[in-house]
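Heads up, the chain below is alone and in the form predicted alone; it's given as structure tokens.
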């Protein structure tokens, strides 16, 4: 009984190791030829088509809530002139990459896990390996690169829409000064903040795609197993995203000194 309990307790460690090894295989596959350009374009178009509208719609309330919360807090200290800068920092550093990655994981990641899981239970992946075709290079690498590309551009979309939404709600609901909101963008924000947000989007895109592909390619048990793989991929991706986001933010604050107003 104790050995069974120990094996169950150590199962997550083994899964984490297998996921890490799978990620290394994907990284190696990126440098192999031939590159599946057609598959990459198809996946990038699919991911963009299912995420761009929800991302834009989600970015508006993200920016509005941040502007309202930050504006109300700053107003208590009589520093309304920094509302725009604080809102930009919150959107560019945190809200933009997180919103982008959650939608990539929820919409694109679930679709990728379902697609590869269906191929797995139909034994298409085994047939590819029998024919000498590497499923990682043929199917996984294009999907990972497509998620990275779309996440990078969607993060820029979220940042623009979020800041614009925050501007509108700050001016309309909090009687903010339009010129002051825009002029304060550079008071606390700096260029490395933008690079950090873009780097986060790329990393989060890799995590979402790798987890989805891993769960899909290891699905078992028929249609129920595919459904379980989709659910697990979304949950695991969300957990990893928040952990990695904290680590990257902590490292950034240690390496890049904050800009003083």
Partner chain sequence: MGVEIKVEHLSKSFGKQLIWGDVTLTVPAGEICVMLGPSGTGKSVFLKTLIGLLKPDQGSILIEGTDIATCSEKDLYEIRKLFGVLFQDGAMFGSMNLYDNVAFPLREHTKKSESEIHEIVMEKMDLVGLLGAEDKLPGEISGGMRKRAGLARALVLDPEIVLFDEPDSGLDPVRTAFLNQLIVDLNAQIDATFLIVTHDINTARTVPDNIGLLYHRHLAMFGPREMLLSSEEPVVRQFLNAQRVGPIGMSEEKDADELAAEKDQELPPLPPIPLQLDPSNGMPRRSQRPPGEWCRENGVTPPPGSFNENMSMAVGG
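Numbering follows the first chain given and starts at 1. Note that the structure is a prediction, hence the values are computed from the model and not measured.
Separately, the form predicted together with the partner chain exists; it is not shown, and the next lines address it.
With a 4.5 Å cutoff on heavy atoms, residue 134 counts as touching the partner chain in the model of the complex. The closest heavy atom approach of residue 128 to the partner chain in the model of the complex falls within 4.5 Å. The partner chain in the model of the complex is approached by residue 119, whose closest heavy atom lies within 4.5 angstroms of it. Proximity of residue 124 to the partner chain in the model of the complex: non-hydrogen atoms within 4.5 Å are present. Between 90 to 98, 164 to 172, 103 to 111, 135 to 143, the stretch whose residues reach within 4.5 angstroms of the partner chain in the model of the complex through a non-hydrogen atom is 135 to 143.
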